[in-house]
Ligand code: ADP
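Below you'll find only one chain, the form predicted on its own, shown as structure tokens.
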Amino acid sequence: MGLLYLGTPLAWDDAKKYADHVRTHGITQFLHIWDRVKDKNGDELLWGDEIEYMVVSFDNEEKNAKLSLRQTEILAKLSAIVNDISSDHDNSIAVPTFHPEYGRYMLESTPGSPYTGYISDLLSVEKNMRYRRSLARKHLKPNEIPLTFTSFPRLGAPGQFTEPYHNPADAVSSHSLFLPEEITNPHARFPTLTANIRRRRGSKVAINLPIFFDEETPKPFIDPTIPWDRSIYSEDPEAKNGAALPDHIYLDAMGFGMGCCCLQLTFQACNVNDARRLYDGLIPIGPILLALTAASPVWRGYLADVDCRWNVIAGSVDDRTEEERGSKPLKHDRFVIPKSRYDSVDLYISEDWMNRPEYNDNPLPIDEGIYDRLRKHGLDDLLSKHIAHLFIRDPLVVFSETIDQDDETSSDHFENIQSTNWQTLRFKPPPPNSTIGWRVEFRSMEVQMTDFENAAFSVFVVLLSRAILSFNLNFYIPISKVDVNMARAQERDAAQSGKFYFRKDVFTNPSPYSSGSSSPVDGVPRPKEKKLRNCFPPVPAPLNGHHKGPVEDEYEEMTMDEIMNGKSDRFPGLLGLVEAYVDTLDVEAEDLAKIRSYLNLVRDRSNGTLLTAATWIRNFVRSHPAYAKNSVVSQEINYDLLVAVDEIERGARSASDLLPKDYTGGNKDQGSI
């Protein structure tokens, strides 16, 4: 998460003095990168995943599952183990790496080196994920388990939810009523980020999730676990003064959001134009896969009437002032900003003819001075707006040692703002003095309980990304409708009961799937490819011109089943598109069967044959013998839930409503590299 300097972070009153300095030099750094690599072309497909774990400590006598706050110790041990394994192998073996995250109970893991476009790499993802989990598990305490679980159900609930226990009264950076200071990674960046968001905003963050009303849930629901009368910090009365809403679960700290775990994927594109095409193509996919991977229905010990983490994280880092939120007239601030800096994408950026101006229909505040500077430097309108929109934000953490940088060799000021715009997609320029190319990061998915599921969704997105570029697919809908989809995706049971706006006709060519990679030559089918391509010709405009009817006629509401599995001849569904792309590849029968097992999981989740993780968790809680039908997820229920999650991952417990019947757990397959 962001840049981890060893240095002295400035408190907000000092840091804000350097906001213009960071923005000005950040743009200078970007322009140096742009001048060097704007024409960079021919990069091969390199991609990778990031998986986050929460380390849970199980007290079997007290029947309590708690978050282990040993991140620093665990990471030091894993780093030494990884170094030992690396020294015992030649350079052809890339050992996975582990990294710190915001929560002191969290671990982030990545493959030791990027995957390539070879089918063998695609099929190694699950083994690599399993290996990472096994490696971490072997070097934890016997009662500690690394779980890929999106949100800890009793984070901030009464009682002990961390090991060891710490008192929320000591939350000096967040001033939270519920979370202790020690929940946060001790690196100076993280408590400073937490405190500076609160100070810049002028209050604590305030997140309110609707309570799930069960048979015995009080109406109205006024949360009895909120310490309404605490008087330690100046913000303590905020809950009583309206920040905590009736009938809602109130969360008041960055840790509730940035303490969540997720699954993210990053792709290197052939060139900057392909990166922009891919970025745009995946924007409408973000909400769909958020709904399909929904995995977080429990917050602060209560069942919520939502299934996803997204709005929690958006609220947890919402540093906008009252003026920027539109609650007060602009006087001291420059912009009214419609969204948190963690939210959905606001702008399509490709210059292809498919991207009609009407699609960018959201309000888009930009820094006009930065926009003009970029345009004068030769950048096009859309990319200039993209950067100028990101740079309406202030840098939240400024280190005194890095205020003055060499703008030709550093991108730290640029990344300071770029990396704290946490959106569903991130468009990533190459680092300076690096062989890395233009990249796109896909960020909306919730992490799943098993490595099989995480691999399945990773493989699906990789293949879909190739189909978008190979078949010149057009997924554009107005970006305001993507925002509607993001809201709908988080609703309870959205994958089965919800509807989403999606484009009706996704093909840009007269015949489906015709492109440079698959169309026949003189009636002879092209040979199948042994590797996922990364470089594609520009999207050709139709020979007879592009008919532009009303944008409203281009999309309609569809169910998840229709979006994924098809609705008409002109829309075969995302899975149909992926399968058509797989048909262009030269894949051995055994490998094809494995790919199809991943696609079948996605298919079964989308048509309701298998439950989403969120629905499975909700059902587990509501069917637990100790559940009082009052929305409360007790210590005992939480313990049994997380024990069950671990047993399912290991294959010691069947979950035929969540996973395929032939699922093989971690006990039998611990992965390999």
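Quick caveat, the model's predicted, so the values are computed rather than measured. When you see a residue number, it is the position in the sequence shown, counting from 1.
Note that the form predicted together with this ligand isn't included here; everything after this is about it.
A.B. asks: To verify the annotation, which of these, V95, L383, I436, L585, has a non-hydrogen atom within 4.5 Å of this ligand in the predicted bound form?
C.D. replies: Contact with this ligand in the predicted bound form is made by I436 alone.
A.B. asks: Can you pick the one in P338, G117, P114, P191 that has a heavy atom within 4.5 Å of this ligand in the predicted bound form?
C.D. replies: None of the others qualify; the residue that does is P114.
A.B. asks: Given that this ligand is not shown alongside this chain, does Q268 nevertheless sit within 4.5 Å of it in the predicted bound form, heavy atom to heavy atom?
C.D. replies: Yes, Q268 is a contact residue.
A.B. asks: Taking this ligand as it sits in the predicted bound form, is K481 near enough to touch it, meaning that at least one heavy atom pair lies within 4.5 angstroms?
C.D. replies: No, no contact at 4.5 Å.
A.B. asks: With the partner left out here, check for me: in the predicted bound form, does some heavy atom of E579 sit within 4.5 Å of this ligand?
C.D. replies: Outside the cut-off, so no.
A.B. asks: Consider E50 of the chain shown here, and say whether it contacts this ligand in the predicted bound form, taking contact as heavy atoms within 4.5 Å.
C.D. replies: Yes, contact at 4.5 Å.
A.B. asks: Tell me which of 42 to 50, 601 to 609, 644 to 652, 59 to 67 has residues with heavy atoms within 4.5 angstroms of this ligand in the predicted bound form?
C.D. replies: Stretch 42 to 50 is the one.
A.B. asks: Which residues in 78 to 112 have a heavy atom within 4.5 Å of this ligand in the predicted bound form?
C.D. replies: Those in contact are E108, T110, P111.
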